[in-house]
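Before any questions on how it binds or moves, here is one chain, the form predicted alone, in structure tokens.
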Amino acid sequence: MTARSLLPLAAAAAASALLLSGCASSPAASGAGNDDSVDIALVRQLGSGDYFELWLAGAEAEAERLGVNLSVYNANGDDAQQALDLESAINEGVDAIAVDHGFTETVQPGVTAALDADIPVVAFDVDAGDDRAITIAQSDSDLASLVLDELVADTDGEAQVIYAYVAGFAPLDRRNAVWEDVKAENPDLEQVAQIGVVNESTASEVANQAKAALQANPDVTAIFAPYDEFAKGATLAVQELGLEDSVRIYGADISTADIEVITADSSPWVATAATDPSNVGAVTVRAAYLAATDADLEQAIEVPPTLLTQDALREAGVSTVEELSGAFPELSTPDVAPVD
């Protein structure tokens, strides 16, 4: 939420849902489909919401470019189903497995079983619980640092802040560690409330929580919401209370829906730090391909984020994620796990 983690982890949810609990997954194949192709299983905990849909689109496009047969398993937030999906991928005898989000206790048995069977595993925004797995993550510490530097600069390090956070999601936990450091370094930043929920209606429920927190703490001038579903919910709350002129929101992650919210007139969401989800999906598939073909590969791979302010997005005239890389070329990282 991415994290993954977690990323970077409704309206990516008030307009689209993060999870669809209880839905069984089924693999869908893409790629060249010839006998010489590399077979990769993508085992996902989450699949719905703008971020996760764009991530998958990037993964599938890269698989097609490389001639990879990509089987996609989507547990739709059902952790038990994700464990079963891992077992199914192992039984299929694929050349590599990519695990997208999840919890260590859910994925570790399957990850270890795969590695014991000489199937390499690439894990994105999840602690796979086995040091032999290759890890991929947005640099969540850099992501949080970028947007928190903006918050500190805008407030001169003095503000009452509402914080959105749910523990247990690897990317959110990494972002939380940075927030704790920033608070320690800026004692005049006072966290007056913590909100947050991750479920099938994340943004709408966070909106309700943020509204209550804002009403209880009328001197709040900033909300740190380091996940775009949280930031969307916070935006709804600020707008419903008519506080756009006094409260600023600092988020994380990016999607087309996020860009629409950030660049809208009088939007309180003034900055986000993000990677391009399509690019991260592509990096993950490249890493799995390299692992499957015994190529040299770093054990821990990080995709660097970029700060995207409201002013910069408006000036660039960007309205979709597909346009982001053209306006902000640093979001594209072909040099991370490169495949010619």
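Quick caveat: nothing in here was measured; it's all calculated off a predicted structure. From 1 onward, residues are counted along the sequence shown.
If you look for the form predicted in complex with a small molecule, you will not find it shown, but the lines that follow are about it.
Trainee: Of these, Ile249, Ala203, Ala123, Leu172, which has a heavy atom no more than 4.5 Å from the small molecule in the predicted bound form?
Mentor: Of the candidates Ile249, Ala203, Ala123, Leu172, Leu172 is the one lying within 4.5 Å of the small molecule in the predicted bound form.
Trainee: Taking the small molecule in the predicted bound form as the reference, which of Val198, Leu214, Ala257, Leu86 has a non-hydrogen atom within 4.5 Å?
Mentor: Looking at the other structure, the residue within range turns out to be Val198.
Trainee: Counting only non-hydrogen atoms, choose the one of 222-230, 86-94, 263-271, 72-80 that falls within 4.5 Å of the small molecule in the predicted bound form.
Mentor: Every other range fails; the passing one is 222-230.
Trainee: According to a 4.5 angstroms non-hydrogen atom cut-off, is Gln138 in contact with the small molecule in the predicted bound form?
Mentor: Result yes; Gln138 sits at the interface with the small molecule in the predicted bound form.
Trainee: Is it the case that Val68, even though its partner is missing from this view, gets within 4.5 Å of the small molecule in the predicted bound form, heavy atoms only?
Mentor: Taking the distances in the predicted bound form, the answer for Val68 is no, it never comes within 4.5 Å of the small molecule.
Trainee: In the predicted bound form, does Leu290 have a heavy atom within 4.5 Å of the small molecule?
Mentor: Contact with the small molecule, no.
Trainee: Indicate whether the small molecule has at least one heavy atom within 4.5 Å of a heavy atom of Leu46 in the predicted bound form.
Mentor: Yes, Leu46 is a contact residue.
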